[in-house]
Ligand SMILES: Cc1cc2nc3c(=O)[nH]c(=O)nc-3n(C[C@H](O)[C@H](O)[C@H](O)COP(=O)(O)OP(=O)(O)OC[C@H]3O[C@@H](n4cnc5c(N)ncnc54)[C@H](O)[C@@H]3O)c2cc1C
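The chain below stands alone and is given in structure tokens; this is the form predicted alone.
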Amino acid sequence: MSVTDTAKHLSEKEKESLDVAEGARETEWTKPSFVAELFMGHFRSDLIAPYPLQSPEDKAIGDEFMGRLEAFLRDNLDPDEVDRTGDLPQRVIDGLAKLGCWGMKIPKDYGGLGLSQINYNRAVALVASYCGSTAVWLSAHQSIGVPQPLKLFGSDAQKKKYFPMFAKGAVSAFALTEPEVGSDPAQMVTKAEPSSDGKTWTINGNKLWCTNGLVADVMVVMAGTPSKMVNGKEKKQITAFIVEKGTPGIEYVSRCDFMGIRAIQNGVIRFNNVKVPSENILWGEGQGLKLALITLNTGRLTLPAASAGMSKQALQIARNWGKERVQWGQPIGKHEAGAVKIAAMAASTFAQEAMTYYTSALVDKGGADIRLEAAMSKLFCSVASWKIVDDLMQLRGGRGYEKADSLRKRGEKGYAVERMMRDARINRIIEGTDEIQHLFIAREALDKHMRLAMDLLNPKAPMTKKMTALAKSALFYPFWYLRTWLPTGLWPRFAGYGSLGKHMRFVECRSRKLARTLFHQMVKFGPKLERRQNILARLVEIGTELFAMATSCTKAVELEKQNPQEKGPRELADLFCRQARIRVRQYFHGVCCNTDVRDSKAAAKAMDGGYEWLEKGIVADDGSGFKGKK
């Protein structure tokens, strides 16, 4: 079957997947999203300034806990040993429990620490800077494991039963992904069938890459439940179940072995007629996918926090090495090639923290639409930290590629850059790959347009819907579109930002260009725009850079107010914005000037075997491994 035939064959499944995803989207908020407004050309500075710095009281709580946590890690956890053995020692797990680390997000009323989102992310960043595996243990448990959805959607009985367990050190997991189902839960194979009396459900199926799953005391399991008829149409149902360790029928098939974060307990779990009581349904029947998406909105914030923590560690190593290593008569940090890398690390790290903790503050305040902010923070920080670690590897040269233990054996400082690189790469994959983040953000960015005009552009839409869309569009678009071309104003703007004011004006101006460019592409391609993923990705990257610029500037101004003598934040924000402006211009250029169509044609030909001649002269890998004698 050719690639074209496959695409035709999958069209109905794709439509089904889109319907399921659309039905699970959140649509109600009490406070607007800064980024959503940005995509519409509305620069709402009131939503982002003044930057929400952590309160002194909450910071004091975090500082005290961070001090104890750092001391414990230094005295009890050897990250190189964890990486080498692939195991997190039980003494460390127990010690973290005594510190309350497994209950950081559990309310105090249930025995947990009840940390704010900011303090929780500070703790994750601290651990991630030291040991990636341990950070994943903690974050998988609390960010996407049982505590977060239980906090948001659990019944009083469920909270009373499970929260105290987690506060004392019980570990949880989240089972969503399946061997043949990655980011498309509509095709979920795992099923749960109700008993005749409705008191229990029986789960059957396999789950893959269930982090903490092999050691979890409790896990959330997503399963398809019987479809329901909604408005005369069959609607797929996905339901979340709380499943306890030791329930008959749970089989731990295998543990996965990864390139990095090597001590995580991630594997394949099989459910063979696993019976779960109906009271273990979280939120309600058919609410599973929506629960998962809402949980991930907040849960994925741990990834930018962890990325920022790793970036800080990389910056510290780069700074020290830049002074220590002398080549051609001066330290490598003073050579322009090295200096550029170190400067970019510092500026990027500042931007990562600005984005992450702005969004974390929104979570603590509550009521805000953080879907785009959280997704952008995850996208930006995971990519930026990977770039930082890669640059650090280049600065360290052969010593970066060498393991820390090997370096110490030779009497050198054992900077664990090699381990850091292996650990950092996963951040661009888990909880939504870069590509999935692009699509998710693009969908939310287009939401207003889809509600207004998509029926007008869709040739298959009935005439009644077209006329309704036409009326709505006629009332909205003329004024809105004209506004995206109008100058932002003749009076001085952002005077309170001083030298950073020009960057804020750039964000405001380019947000209007972003809005009309997005509109132009929607008009040009109509419903087919969803297929032009590279165009959407470039527009998403523009929005992400503008968001990073705005948060960096507002944070720098607030930090300077606290300490007028410290000019470092302003300098870093200015440098980051200058670099971001170059990238923004490049992305805009790439919307119209690109090779996307030719790329797609070449890829289709390659997959159909058109370039097999290029693969001659290799030992072909069919995935089956070594076939000779051992």
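Please read these numbers as outputs of a predicted model, since none were measured by experiment. Start at 1 with the first residue shown and count on from there.
What comes next is about the form predicted in complex with the named molecule, which does not appear here.
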(message) Since the partner isn't included here, can you check whether the named molecule sits close to all of Ile261, Ile264 and Glu435 in the model of the complex (heavy atom within 4.5 Å for each)?
(response) yes
(request) Go through Met104, Ala135, Leu372, Leu176 and name the one with a heavy atom inside 4.5 Å of the named molecule in the model of the complex. (result) Leu176
(request) May I ask you to choose, among Cys210, Leu546, Ile388, Ile203, the residue with a heavy atom within 4.5 Å of the named molecule in the model of the complex? (result) Cys210
(message) Given a 4.5 Å cut-off on heavy atoms, tell me which of 550 to 558, 159 to 167, 426 to 434, 192 to 200 is the interface stretch with the named molecule in the model of the complex.
(response) 426 to 434
(message) Is Ile144 part of the interface with the named molecule in the model of the complex - any heavy atom within 4.5 Å?
(response) yes
(request) Verify the contact flag for Leu452: yes if a non-hydrogen atom of it lies within 4.5 Å of a non-hydrogen atom of the named molecule in the model of the complex, no if not. (result) no
(message) If we define contact as a non-hydrogen atom of the residue within 4.5 angstroms of the partner, is Gln533 a contact of the named molecule in the model of the complex?
(response) yes
(request) Classify Leu439 as contacting or not contacting the named molecule in the model of the complex by the rule of any non-hydrogen atom within 4.5 angstroms, answering yes or no. (result) yes
